[in-house]
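In the block that follows, a single chain appears as structure tokens, in the form predicted alone.
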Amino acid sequence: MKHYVFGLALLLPLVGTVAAQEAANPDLVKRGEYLVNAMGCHDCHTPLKMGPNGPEPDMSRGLSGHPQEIKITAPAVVSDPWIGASSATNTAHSGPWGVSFTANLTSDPETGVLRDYTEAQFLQMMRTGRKQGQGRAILPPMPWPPFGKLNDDDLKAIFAYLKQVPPIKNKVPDPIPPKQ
């Protein structure tokens, strides 16, 4: 028993260090919240609902992406002069690329898209337009090219904020490829 107590005593400083590293700097989180709100992330990642004056963000689903209960099975038929169409929630978008669904950016450990991202992967994603900086291409209408021009401090602030957004369990579907 003495050995277990001694081993635990040796590990406690490490646990404290890891916890301290994971605790986000409140000023960084606040800056990230400001940027997420100012840059319009809610415009696509928070589903719209019908309010008394028309469509409005459903903040009870803030940043949770395309609602899993709304099934879309094929791209919308779009013809000239139009290049795309959006769902009523503004969370699914159809065009020559097929159908893209806005991601769940909340901290949900099962369905939040950033659950497996490191800060470095997030920065790389925003700079390259590829999931985790090396996976499949991020689809329209995600405006990653201008967001990728943000400096490292701003991108790190956005990541810190998104990692602490309250979790909302919402499994967003995979993209639907274009019809051949």
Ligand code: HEC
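Residue numbers run from 1 along the displayed sequence. Everything numeric here is computed off the predicted structure, so don't read it as measured data.
The form predicted in complex with ligand HEC exists for this protein as well; it is not shown, and the discussion that follows is about that form.
Visitor: Exactly one residue in L139, L28, A120, I70 has a non-hydrogen atom within 4.5 Å of ligand HEC in the model of the complex; which is it?
Guide: When ligand HEC is considered in the model of the complex, the option within 4.5 Å is L139.
Visitor: Please check if A157 has a heavy atom lying within 4.5 Å of any heavy atom of ligand HEC in the model of the complex.
Guide: The answer is no: A157 has no heavy atom within 4.5 Å of ligand HEC.
Visitor: Tell me, yes or no, whether L48 is in contact with ligand HEC in the model of the complex, where a contact means a heavy atom of each within 4.5 Å.
Guide: No, L48 sits far enough from ligand HEC in the model of the complex that none of its heavy atoms falls within 4.5 Å.
Visitor: Counting only non-hydrogen atoms and a 4.5 angstroms cut-off, does R127 reach ligand HEC in the model of the complex?
Guide: R127 lies outside the contact set for ligand HEC.
Visitor: Decide whether P55 counts as a contact residue for ligand HEC in the model of the complex under a heavy atom distance cut-off of 4.5 Å.
Guide: Looking in the model of the complex, residue contacts with ligand HEC do not include P55, since no heavy atom lies within 4.5 Å.
Visitor: Quick one: name the residues from 144-166 with any non-hydrogen atom within 4.5 angstroms of ligand HEC in the model of the complex.
Guide: F147, I158, L162, in sequence order.
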